[in-house]
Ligand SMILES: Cc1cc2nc3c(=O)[nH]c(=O)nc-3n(C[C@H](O)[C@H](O)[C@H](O)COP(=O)(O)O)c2cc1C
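Listed next as structure tokens is one chain, alone, in the form predicted on its own.
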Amino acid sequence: MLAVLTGCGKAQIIDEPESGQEEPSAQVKDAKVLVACFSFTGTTKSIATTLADLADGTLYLIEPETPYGSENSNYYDENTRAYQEQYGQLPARPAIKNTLKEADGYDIVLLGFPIWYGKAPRVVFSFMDTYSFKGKTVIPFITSGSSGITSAASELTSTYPAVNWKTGDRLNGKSSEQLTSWLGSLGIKVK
């Protein structure tokens, strides 16, 4: 059984013996939480900021080297950069501008993004390509007016099979109490 607790400013992962094992005590190690997000309108960033605060984690903004303009919010225009990155001939991995220091030092990554054209924006894949998080626990969360997380999560899972993916959720419109509850359902207690 695996439980995650917070204390003294850091989450803790407790590995408890499985039922029937003789070992009576749990082993504890500190776990660092990273909340990484790409946000186009600010909605995902707002949720990510709250999650980072609640989980006593580090907030990292995934920012493309060349920012997206407002024209990319028209999901019906096949000529937009965002659409072309998703389905067209442009490079599918736009460069990111910020370096994440000590990326290997995180045990849990909450990965947030809006749904674009039914998928995760390609800049999220740029982030994952850069830092891989092989063997780390990564939990996606999305913001969307109507789309769910299933297609985006499936694509991420198949693209990065070495990551320990956990089921994520759509979080826009959630209160701080609901976000606290969501973190708890993942085994992450808040500060």
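So that there is no doubt, residue numbering starts at 1 and follows the sequence shown. Since this is a predicted model, take the numbers as computed values, not measurements.
There is another form of this protein, the form predicted together with this ligand, and it is not shown here; the text below is about that form.
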Sort through 123-131, 139-147, 57-65, 152-160 and report the only stretch with a non-hydrogen atom within 4.5 Å of this ligand in the model of the complex. 139-147
Give a yes or no for Asn72: in the model of the complex, does one of its heavy atoms lie within 4.5 Å of a heavy atom belonging to this ligand? yes
Do Trp116 and this ligand share at least one heavy atom pair within 4.5 Å in the model of the complex? yes
Can Thr41 be called a contact residue for this ligand in the model of the complex at 4.5 Å between heavy atoms? yes
Answer for Ala82 alone: is it within 4.5 Å of this ligand in the model of the complex, judged on heavy atom distances? yes
